[in-house]
Structures are given as C-alpha cells and as structure tokens.
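Next up: just one chain, as structure tokens, the form predicted on its own.
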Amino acid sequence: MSTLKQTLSKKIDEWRPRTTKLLKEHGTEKISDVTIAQAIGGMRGVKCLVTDISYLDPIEGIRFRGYTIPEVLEKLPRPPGVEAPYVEGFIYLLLTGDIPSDSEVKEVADEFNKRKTVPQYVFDVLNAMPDDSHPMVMFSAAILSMQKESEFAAAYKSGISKMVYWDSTYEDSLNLLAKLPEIGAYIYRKKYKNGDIIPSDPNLDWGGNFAHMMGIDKPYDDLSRLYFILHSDHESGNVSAHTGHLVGSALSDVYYATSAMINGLAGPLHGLANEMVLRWIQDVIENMGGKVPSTEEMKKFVWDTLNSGQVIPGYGHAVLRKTDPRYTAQRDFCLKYLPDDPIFKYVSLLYDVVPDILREHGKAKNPWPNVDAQSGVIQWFYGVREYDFYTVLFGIGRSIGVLSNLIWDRALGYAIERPKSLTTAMLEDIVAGAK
C-alpha cells in the first residue's frame, strides 16, 4: 500500500468518530435558517454541506486544508528550477491535510505514472464524434466511457462493507486523475492541431506532462501546475463541486459523478466566465483602436460602461471581500513572464482603476477582481486561443477537488442528498401566517 493511501486510511479512522459524535450527540442543533429568498434563489448562503477539503474565507480567499493560497504555493515541494508546486503534492495535501515530503511526492508521481495509460477505446470514442463537437462534450463523454473500469462499481456489486467504500473510490479517483491530462491534451490536439497527437512522457510530472502533450514550451508547464492548483476546489456548494457530491451521494461511481460535474461546469453561469472576460477585454481593445489607453481614458471608459447599465466582467464575488488570491497568483506570473503583453497591460490598467470606481459607484459589494479577470488572458498569450477549450482546462483542475471530496464523502458515510421541496402556495401560506 502506498504512503498516501496508508496516511489517508489512518486519517479516515481518526476522523470517523468526530462525524459519528456530531450526528449522535448534536444532530438536532441548528446551523442555518432558510429564507424564502434563499429557497427561490438557488439556496445561496444556506449552510447545509460539509467539506474539509477547502473553505472560502471572505478575507483570505480559499484555504486548502487550512492553508491559504500563498502558503500552499510556498510550502509544497516543487520540481527543480520551477516556481509552481507539483500537482501530485497538492493532491496529497487535499487528501490528507499534510504537506508531503519530496519522497512522498515522488511516490505519488510514480503512482500516477502507473495509472495514466488511457484505454484505446476512449480515443476511439473521441475519434467517432463529429468534428464540431464541443470539447466539453468530448471530455465528459471520454470520462463516462471509462465507467466500465470502476473498481467501486465491481466491489459494490460483490457486496462490500460500507466502511471500505472509500478504498475502491480512492482507486477509481487516482486512476481517473492520472488520465485526465492526456485526455484533455488529446482533445485539444485532435480538434485544433489537425490531429497531430503528442505522446505522453513518463519522465515528466503531472503538470509538465500536460504542457508537453499540448505542445507548448516552458514556462507553460509552470502555468499548468499553477492553473490546476488554483482551480481545483472552491468549497462544495458551487455547481460543479455540488454536482459531483450530489451524483456521488447516490453511490454512483466517480466516472458518473465526474462526467456530471463536467456537464455542470460547462454552463455559462459557471465555467465560462474566463472566456467571457477575455472576449470583453478584446472588445475593449478594439473599441480603443488597439492602443493602450491612459489612466484617465480607462477611467472614462469604465464609468461610461457602468452608467450604461453594464458590468465590468471579472470583478466582484459572492463571498470574497478582497482581491481574489487566485488573481494575485496569476498576476505575479504575468508580471514575471508577460509584462509587456498588450492584453495584460489592459488587465493591469483595469486593476488599477476599477476597484476605486466601483467603490464610488456604490453598487458592488466587492470591487476587487476574481480569478476569471485574467486566467484566459494567460492562456491566450501562450497560444491557447480556442475559447471553447478553456473550460476543459478548468475541468481538469476542478476534478482534483471534486474527487478528493468524493473519497472523503465515502469515508465518512455521507447520506444520499435529498432536500425537501415546497410549493409556491405553501410559501404564500407561510407568509400569510407570519403576517
């Protein structure tokens, strides 16, 4: 048994009594009151999910297993000569809560290398799809096609104890995670590079191998590591994470759950934000004749946009009340590697003027940029200019957090998700009774 799996098994044994005690001794204590606005408005803000993988703090941003993003980027081991940590080490952190050693990261990387061969039938499925298929449809279908490989489905059919559901879920999750970079890169090269497929390199780490298969030179490997870590998890209530949890709560295996998660991520209100921001910035550049405006010219443009009833894409966040640390991490990358890029100059100028204007405007709860304000800009700089593919990149990263959560959902025996619905007439009766 690998060090990661041994450590995870020990953590699960230590954690289970905490969950059992909360249910048995404090199960009737209330943690949330639900309003009609929340019931109609997508349950926003309702405290009804549990995850220990990540937490979104309004001031500090995402904490992964208690660590802030700067702490994660500083503390995790990294490949020689690069700045972003191993994705393999980050996966170890999400599963166990521990910062791994160099030897533990190498062991996880070796484990992934053993599991990363994609079955030929997956490529056959992708090759059989129409040329104009959306890359997210291809990604979801590729994942779902591997369901027959599920160790959990086979173990459940044989009648295993619920106490070991997590074990085969762990095996499925690592098997799937190991294959996602190659599947994503294959889709990209098939659709956009005339089917010129670049084989996987067994000597490279998870992020480095993805950059290699995409056919993009350094430092895109470092960007890939950073991108996948920053997009991995965002609590459990967003559409993609919640969908993975919901489908998994029915004891559907991780192939069903991850494919469903990808489908949720494809929605315009969730995973397409980085594409929409980039398109908007490119429209701004065109409207300004391609020149980098002065600060005053940009201020006037922002005010004109707001006064016309439009918003500034990439600014604001439902929870955060400061600049998204994911934005800051990507900005630091841009300042080092593409400070003179024309699009980044626009992004940087917007960062200089928009927050103060939004505060003065008074309608934005959070005037600061979020992760989507520049993530697409960096991909564009490195030649990934196919907007439709950006959400596949997001999906590869988000799978890390969703699968980590699914393993722990099974370990702690979380129940099938089944909220209660009310009719509109019932809500009206409640209001009438309250009055």
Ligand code: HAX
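For the two forms, the rigid core is made up of the largest set of C-alpha atoms that agree within 1.5 Å on superposition. For clarity, every value in this text was computed on a predicted model and none was experimentally measured. For every residue, the number given is its place in the sequence shown, counted from 1.
Not on display, but discussed next: the form predicted in complex with the named molecule.
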Sole residue of G195, P268, P130, G290 within 4.5 Å of the named molecule in the model of the complex, by heavy atom: P268
Answer key: of K191, R331, H317, K179, within 4.5 Å of the named molecule in the model of the complex (heavy atoms) is H317
Run the contact test on R44, Q310 and K365 with a 4.5 Å heavy atom cut-off to the named molecule in the model of the complex and return yes or no. yes
Could you tell me which of 145-153, 355-363, 242-250, 95-103 sits within 4.5 Å of the named molecule in the model of the complex, going by non-hydrogen atoms? 355-363
Exercise: V371 in contact with the named molecule in the model of the complex, heavy atom 4.5 Å: yes
Is Y390 one of the residues lying within 4.5 Å of the named molecule in the model of the complex, judged by heavy atom distances? no
Can you check whether M138 is within 4.5 Å of the named molecule in the model of the complex, heavy atom basis? no
Although the named molecule is absent from this view, report whether F394 comes within 4.5 Å of it in the model of the complex, heavy atoms only. yes
H361: CA shift of at least 2 Å between the shown form and the other one after core fit? yes
Can we say the CA of Y192 moves by at least 2 Å between the shown form and the other one when the core is superposed? no
Relative to the superposed rigid core, does the CA atom of Y156 travel 2 Å or more between the shown form and the other one? no
